[in-house]
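What follows is a single chain, given as structure tokens, in the form predicted alone.
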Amino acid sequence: MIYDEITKTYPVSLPEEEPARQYAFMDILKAELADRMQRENRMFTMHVETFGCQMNAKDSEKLAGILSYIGYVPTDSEDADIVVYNTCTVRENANTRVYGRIGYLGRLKKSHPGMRIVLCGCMMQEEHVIEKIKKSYPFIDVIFGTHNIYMLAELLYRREQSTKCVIDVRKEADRIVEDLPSLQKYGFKAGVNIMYGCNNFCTYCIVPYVRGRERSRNPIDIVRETEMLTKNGVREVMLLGQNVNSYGKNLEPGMSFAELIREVSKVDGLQRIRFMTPHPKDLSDELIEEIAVNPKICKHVHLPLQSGSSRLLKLMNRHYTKKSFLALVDKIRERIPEVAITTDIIIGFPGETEEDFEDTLDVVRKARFMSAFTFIYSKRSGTPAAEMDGQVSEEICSERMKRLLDTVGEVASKEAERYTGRTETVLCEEYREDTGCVTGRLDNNLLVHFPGEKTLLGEMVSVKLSECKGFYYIGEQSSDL
């Protein structure tokens, strides 16, 4: 652990158990903030910025919920009374972006000396990052990692007792704390964490080192959270985990992911279930069957490929081959003909040859991905791949990325085109005043834009898909369904 060096002074009779302990700190800060608001005759604002994945976004909702409980009001501006950056470290450009934004916050703080700046998330789990921040950004107030986001109120209290930055970064998680406040971005859809951490140790990936080993939430807590969200108007939940297919392996008694998703689907009022992210090596026949027969589960499977080369997949420690991946795709399509399959692909993994890259293009064509998240390999210090020979040049990576995007676009357009002319149910997610159009998401996760009113937001409506634009559709509202 890395701790601040101050002597911690806590109130008398502070609860030891969680989350009661954190609510005690929230109540203390709430009273202090209310006093300040009265003295200064103004509201105090917060800005929570998320870098990275949907797991980070869900964590940010909890951080915003804690601050909202204390009394802070959300603002889109970073010129706020408290700013929280929830960071990502999966790729180097994410770190670079955060450093640039921290510098901007430093300039803001010079004209706003009472401002509090909080850094948390995956990037803060790396010791060299902490050292750089301590040396180059001394105006930061609180730093913590991925394992103790529930402690935000306690850490802010400690900062108020000190003149120094409070640093509390833990190497491992010792608990899962339930029932914290949460401030959702949307009222009609929400993410629900089902597990934390990862045991796979893919050689290119920093996640197991910064997120820790797999820890599954109690299924009762997951179902209870889903019930609460649904009662508050949520129509669709996304079950989140670094590898959702591993859910339940550390529970007693054990429970498979297919069993969990079946239980979640029994929640009254819930209309759609998505999940992210499964690992191909763990995707079971039981789960495929549950997706096929359960009307609440979206017929969309995100299946990260990373590379189509069996040689590279072995170096990546992915535990499947090109052949077995394509066999899995065939099995899914045979049981779920309407399924949309999406993927992740890395270009330029150390040692990648033209033949390896052609294998990837071959899988893209044969798997018929509806879309793909594509990345150029980013060397992450501390991972085995960072020490491998054969680092691929930027020029080669850029050229291959262009060819990959062209191939993905061609394949995806053909896949999407088969829906043209059909009438599908969409969840209305956004409205644009300038165009008078609503954006809705289909079961297959693609978007459709159609004329509509703002009152449709959060509603499930029928839309005819009039024209395919590759990765989205133009449509019109229909009453056919």
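Throughout, we count residues from 1 along the sequence that is shown. Just so it is clear, the structure is predicted and the values come from calculations on it, not from any experiment.
Keep in mind that the form predicted together with a small molecule is missing from the display, and what follows is about it.
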Output flag, 205, 277 and 346 jointly within 4.5 Å of the small molecule in the predicted complex, heavy atom basis: yes
Is there a heavy atom of residue 377 lying 4.5 Å or less from a heavy atom of the small molecule in the predicted complex? yes
Find out whether any non-hydrogen atom of residue 350 is located within 4.5 angstroms of the small molecule in the predicted complex, and reply yes or no. no
Using heavy atoms and a 4.5 Å limit, would one call residue 318 a contact residue for the small molecule in the predicted complex? yes
Does residue 90 reach the small molecule in the predicted complex, with heavy atoms at most 4.5 Å apart? yes
Within 4.5 Å of the small molecule in the predicted complex, heavy atom basis, the matching stretch of 111-119, 356-364, 300-308, 327-335 is 300-308
